[in-house]
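Structure 1 and structure 2 below are the same protein chain in two forms, each given by itself as structure tokens.
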Structure 1
Amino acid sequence: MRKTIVIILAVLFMIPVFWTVTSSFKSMSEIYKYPPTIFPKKISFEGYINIFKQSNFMRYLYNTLFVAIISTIITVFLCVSLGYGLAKGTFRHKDFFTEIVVITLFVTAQIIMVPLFVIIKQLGLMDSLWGLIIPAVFTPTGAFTAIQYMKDLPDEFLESAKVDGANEWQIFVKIVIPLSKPLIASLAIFSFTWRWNDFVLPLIVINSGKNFTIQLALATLQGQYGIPLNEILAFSVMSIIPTLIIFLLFQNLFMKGLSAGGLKY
């Protein structure tokens, strides 16, 4: 019963994806064909070949991986630590600080582009991969997720550790972090996806071809007169693979039924 429902839903979700993958193997003239064909009549690697021939795909891949991995590591640390501080802290104006984080959830990156550009420029981060990492390591969505998660951690765990003589650092490292494994796993997956699919920062920061990311290169294909749809589809099929790997890797960090019993400090 459960499996049937899940499979039906999964099929519905995957229809466009399936269509993307099959269409990426069509030639341009077949893509223009109406009525549309579901499977390519003749498998064409035109889109894939063009990507490798016309663009420096491996370089973009390296750049994007570098940015996504480094910023994910920093993001996870920042969010977990902030979430803990804001959820379990005892300082004054805690609610005010939380709201300051929440309001930035509603900021559209494309809209603050110009002020952001000015700041990044002042920090000397233009046209470098660090310019894609440093401005993005803090993410309101990640922070908010962490705050909400930490609120659910039972206070008793922290109190009993304190009674046993642990200081604040020990509590954070030995109690909070192990209890946050599902949070860390999901933040890592999210953060990697965000950085991988980021378009706004690369657009304003990157000036030279050697620093291009996959998303910037993909958007560049949308031209003035037409779009090579097969190339765009091929590009997006390939660009999804690294995120998929990260997802599968980090999934194993989830744990069913965390309990205090198994924890040592």
Structure 2
Amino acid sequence: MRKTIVIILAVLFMIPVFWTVTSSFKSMSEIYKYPPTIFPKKISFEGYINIFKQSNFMRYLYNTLFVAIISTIITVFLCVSLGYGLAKGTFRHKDFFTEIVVITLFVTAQIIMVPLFVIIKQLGLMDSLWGLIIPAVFTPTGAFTAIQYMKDLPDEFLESAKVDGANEWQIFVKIVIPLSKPLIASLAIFSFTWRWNDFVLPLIVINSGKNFTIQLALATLQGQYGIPLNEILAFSVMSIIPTLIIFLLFQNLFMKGLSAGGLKY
């Protein structure tokens, strides 16, 4: 019964994606045709051709990849190192800092938007890709996930390395990181997806078209005489591909991270 419900829900969630992909290969007249068709009667690449000819798609793709990749690398390193320190460290007030991380989980992005805008402006990062990267490098969810995962790492491995003369950095690089591959994969997928699909922060920070991300460019994709729906659908399909590739590359480690109980929401 549970499998049946999961299959039904999966099909329902896939219907919009399926419609987007198939409709991206339709002509404008067929998209607006009633009753709508499931598959295109005649495959048309007009939408894909137009987004490369009439919009600076490759520039938007580069901007989004740059922001997503750099943010993900920094986020993963910060979360894993912070999680290791708060889970296995022996310094004073460790519990206090852990509680701060937990409290920040309840702070929504909308609450900090105004002070975040002021800080970004004072740092001179407005209309800059680094203005999208720096505010996003620390995520309370990722830090909390790393703390929970690190608590389950065997202390015997760490103590043995200390007995053999390894310092904290060597233990972190040679023992903690290899044991944390499922965690790293999970954080990388979520962080990349968050930054790739982010719309609110680019809308606040970015002003010029040369620094548009894909999501921001997609929102402004409107013609003089109407909305080019075939181009919007083609744009949407192209924006899905990178996140799908990332998930396929790390899906095994990602599933291990989930089964290990490291992700708690």
Partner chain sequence: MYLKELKIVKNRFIFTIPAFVFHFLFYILPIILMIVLSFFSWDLLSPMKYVGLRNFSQLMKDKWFWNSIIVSFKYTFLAVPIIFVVSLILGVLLQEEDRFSKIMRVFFYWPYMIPMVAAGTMWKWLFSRNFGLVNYIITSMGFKPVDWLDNPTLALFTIVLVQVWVLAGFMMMLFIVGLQAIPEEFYEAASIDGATKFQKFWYITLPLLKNTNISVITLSIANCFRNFTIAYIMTTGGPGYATTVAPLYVYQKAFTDFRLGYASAGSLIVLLISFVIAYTVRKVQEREIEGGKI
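Heads up, when I say rigid core I mean the largest set of C-alphas that superpose within 1.5 Å between the two forms. Numbers follow structure 1, counted from its first residue as 1. The model shown is predicted, which means the values in this text are computed figures rather than measured ones.
Displayed copy of the chain that is the form predicted alone | Structure 2, not 1.
Threshold 2 Å Cα movement between the two structures for W196, core superposed = No, shifts by less than 2 Å.
If you line up the core, does T243 shift 2 angstroms or more at its C-alpha between the two structures?
-> No, shifts by less than 2 Å.
Once the core is aligned, please say if the CA of V205 is shifted by at least 2 angstroms between the two structures.
-> For V205, whose C-alpha is compared between the two structures after core superposition, the shift is less than 2 Å.
Supposing the core is put in the same place in both forms, how far has the CA of V17 shifted between the two structures, in Å?
-> After core superposition, the C-alpha of V17 moves 3.2 Å between the two structures.
Rigid core fit between the two structures: Cα deviation of I43 in angstrom | Here the C-alpha difference is 6.4 Å.
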